[in-house]
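Take a look at this single chain in structure tokens; it is the form predicted on its own.
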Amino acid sequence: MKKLFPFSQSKIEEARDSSARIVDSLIPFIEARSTASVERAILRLLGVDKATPQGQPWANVIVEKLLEKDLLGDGVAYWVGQALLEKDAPVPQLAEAVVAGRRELGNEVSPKAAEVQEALTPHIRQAVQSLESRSREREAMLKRLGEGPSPLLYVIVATGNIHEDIVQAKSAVMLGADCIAVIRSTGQSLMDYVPHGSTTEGYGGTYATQENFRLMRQAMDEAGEEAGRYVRLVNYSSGLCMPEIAAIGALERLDMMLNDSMYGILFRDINMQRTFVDQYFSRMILAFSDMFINTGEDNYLTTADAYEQSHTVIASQLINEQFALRAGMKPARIGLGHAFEMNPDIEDGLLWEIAQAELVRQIFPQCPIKYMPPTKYMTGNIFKGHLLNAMFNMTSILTGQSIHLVGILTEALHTPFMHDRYLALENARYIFNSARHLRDEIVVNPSGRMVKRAEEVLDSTVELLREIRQTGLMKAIEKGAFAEISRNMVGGKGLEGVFVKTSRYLNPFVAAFSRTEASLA
């Protein structure tokens, strides 16, 4: 892709090197720990996906039983493997017996880890093959149907009722949407379990459950066949159940998941130790399943000023990139986020938006950048909102964004009507078609305002990352380095679910995700 701005490559390299060192310094801390949600994700990958008549997921019941015995430090896989040594059976069958109280995990016998690993191997192989088969399904459908041109048009649905969401989503696909994101019910990120079954009573969104994922995936495949293009399905792998939702999303062939290394810390006050460990394993699952992540830097600009704090967005993107790479993600699947959130009343605001968007595009040329629409300054003036969205659409096509969340003229007023979505998609399609090759035709003044602004943001990013490299990321978050929000290392929700691994701790998926199918056979 043609570069519009003449950036200093050495500054970009320094910023990326600082980010790599920041993340590398945290990896030993992360690898020494696990969480209740990581252990529940392991069970879900092994097929433990049911719940008690009272709605308590079996995965939660089993992990809590091990916690009560102070045995979770060995990892749930270790104790499941021990049970399989005593009597080999499908893991869901074993889980049912444990939940019903007919069997106990964690007796006095302590087999060697190698024996446990051997007992687990066929079950891990089966789980890995299930994930691989879903990836192959996606590849085959993409090859047969293709998908829309870049930037992909991304639309949200959020009725609270999965069946109504399906109607809304199918309508959006027929109007031109390429990606459908089902917004999660308000507060679900703070629930330390994943609800079971289909749901119809979410508030401000629809609960993320495996059955809801299955229903929407089926519906989007049907809509894609009718529209003649593959439709990508999106949900949230975040909050206290980040790894579990990554697991069920992979099993149900979702394509993208909102997954950020710091969002939960900053915006949901989830403990940073919990979040850093959870995001690492969740990204391993998503990477193995060839899914996209979408990071959440756009949220920074809803609390902090988009002009003054632009450099914090770039710094966070670089850190998110490094965390994803350490978890095995390919750059082509790391969808870094940013947003069109300058105050519309400032002079040359459009120039500053273009400068920021181009800076992001050039720093991350291999990443599928996700660009978010105006939200902070949207009001009841829907005509001005529609105009702001048109300027956002023009900036997106000009700067070569990859995934474009369509701006709705009634943003912040109510859940969009289908006609609101129609107008939004029409606006985006018109501008994208009209200005498809604008980037190829223009030359930017190398000493002009936009280039100077981008250079200032890059310089500030380099300086901020130098500071974080010195203090460490956790200390930087405590000092409010991002989104002007401060969080404490031992504060927030979910710290009780973090534990240090014992010497015999076992999570066989970490090794399995780095192997080929042939090596597991």
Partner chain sequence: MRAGLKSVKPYGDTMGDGAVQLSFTLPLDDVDQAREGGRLLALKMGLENPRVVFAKRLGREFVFLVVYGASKHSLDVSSLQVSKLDVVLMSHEEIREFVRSRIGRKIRVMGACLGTDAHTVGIDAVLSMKGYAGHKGLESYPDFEVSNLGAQVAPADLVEKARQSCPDALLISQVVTQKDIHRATLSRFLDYLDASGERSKYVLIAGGPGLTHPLAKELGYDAGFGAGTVPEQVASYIVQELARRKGK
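Not measured: the values here are computed from a predicted model. Residue numbers count along the first chain shown, from 1.
Heads up, the form predicted in complex with its partner chain isn't pictured, but that's what we're talking about next.
Contact test in the predicted complex: residue 487 vs its partner chain, heavy atoms, 4.5 Å: Yes - in the predicted complex, heavy atoms of residue 487 and its partner chain come within 4.5 Å of each other.
Contact of residue 203 with its partner chain in the predicted complex (heavy atom, 4.5 Å): Flag for residue 203 set to yes.
Residue 419 within 4.5 Å of its partner chain in the predicted complex, heavy atoms: Result yes; residue 419 sits at the interface with its partner chain in the predicted complex.
is_contact(residue 268, its partner chain) in the predicted complex, heavy atom dist at most 4.5 Å: Close contact exists here: in the predicted complex, residue 268 approaches its partner chain to within 4.5 Å, heavy atoms only.
Its partner chain: the contacting residue among 375, 362, 402, 199 in the predicted complex [heavy atom, 4.5 Å]: None of the other options qualify; the answer is 375.
The single option of 97, 332, 438, 412 touching its partner chain in the predicted complex, heavy atom within 4.5 Å: By the 4.5 Å heavy-atom cutoff, the listed residue in contact is 412.
In the predicted complex, segment of 441 to 449, 126 to 134, 86 to 94, 165 to 173 with a heavy atom within 4.5 Å of its partner chain: Stretch 165 to 173 is the one.
4.5 Å heavy atom contact with its partner chain in the predicted complex for all of 7, 147 and 237: No, the candidate spot makes no contact with its partner chain.
Residues in 218 to 255 close to its partner chain in the predicted complex, defined by a heavy atom within 4.5 Å, in order: Heavy-atom contacts to its partner chain in the predicted complex: only 226.
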